[in-house]
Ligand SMILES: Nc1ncnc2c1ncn2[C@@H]1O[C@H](COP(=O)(O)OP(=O)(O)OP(=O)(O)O)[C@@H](O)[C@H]1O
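Next comes just one chain, in structure tokens: the form predicted on its own.
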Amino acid sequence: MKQHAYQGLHYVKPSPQIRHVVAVASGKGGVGKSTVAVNLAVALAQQGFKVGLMDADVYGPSIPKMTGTEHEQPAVQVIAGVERIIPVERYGVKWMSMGYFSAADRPLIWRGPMATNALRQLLNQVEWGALDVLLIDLPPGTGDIHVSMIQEVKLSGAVVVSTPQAVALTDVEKGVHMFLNDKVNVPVLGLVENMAWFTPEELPQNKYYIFGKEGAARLAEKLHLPLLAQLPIVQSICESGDEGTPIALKENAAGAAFLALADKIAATLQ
């Protein structure tokens, strides 16, 4: 098993050079939130922004696999007398995940407080440097990790991901209200409807609404929030994630969709 580089490091606050911290959340698992987070990070970097992504899913970290960095291990350097973790860099993005510190086939059997403390220290010890945007890919739900991350850093906003399916929308709406709660008070930048329809590669004009039609669009309207994007199910998106080469790097319709999403996020933050 890999060694936990974060153990024993001195607690310090994250770099004040980070302009915006944005949570990518869902409230529901299986909606493709990490796919959206990774491709949004890459798309923002493609447009010239300095970007980092923190994978806050302790129990199911997928960022290393989706970025082709699963065999990397962050280094530790002493900077200004303090030990700092150096994030993995690829595709112009700085990546950090618990997946870099544990074997892929070994589960982390941790209670909530242990997981949140590890993430808090990991976040604060990373040498992010100057960033325009730090994305935090939150796990599903509205539990300990979410509350800890909200308390730990000042969020510029949250992007909430859903599928059009009714069973997903119920939990996603709870996730939205978590951010909008007056005790949390984090702006929701908008909703992303993922898996909005299925389009076969050989029939790019065809749309099959296998998870329902425009459910997240209706939820966005109900909650008076922007609908930031409707992203299709395309075989190349799945394959790119498995291969560790995000689709946002490709010059095709799926890649263009993530670039358009990045444009909207950047415009909202600015």
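From 1 onward, residues are counted along the sequence shown. These numbers were taken from a predicted model, which means no experiment stands behind them.
Note that the form predicted in complex with the ligand isn't included here; everything after this is about it.
In the predicted bound form, at least one heavy atom of G29 sits within 4.5 Å of the ligand. Shown alone here, I237 lies within 4.5 Å of the ligand in the predicted bound form, counting heavy atoms only. Heavy atoms of A45 never reach within 4.5 Å of the ligand in the predicted bound form, leaving it off the interface.
With a 4.5 Å cutoff on heavy atoms, M195 counts as touching the ligand in the predicted bound form.
Here the chain stands alone, but in the predicted bound form its contact with the ligand, taken as any heavy atom within 4.5 Å, falls in 31-39 among 217-225, 31-39, 45-53, 202-210. This chain lacks the partner; the member of P87, P140, G190, P164 within 4.5 angstroms of the ligand in the predicted bound form by a non-hydrogen atom is P140. Contact residues in stretch 36-59 (any heavy atom within 4.5 Å of the ligand, taken in the predicted bound form) are limited to D57.
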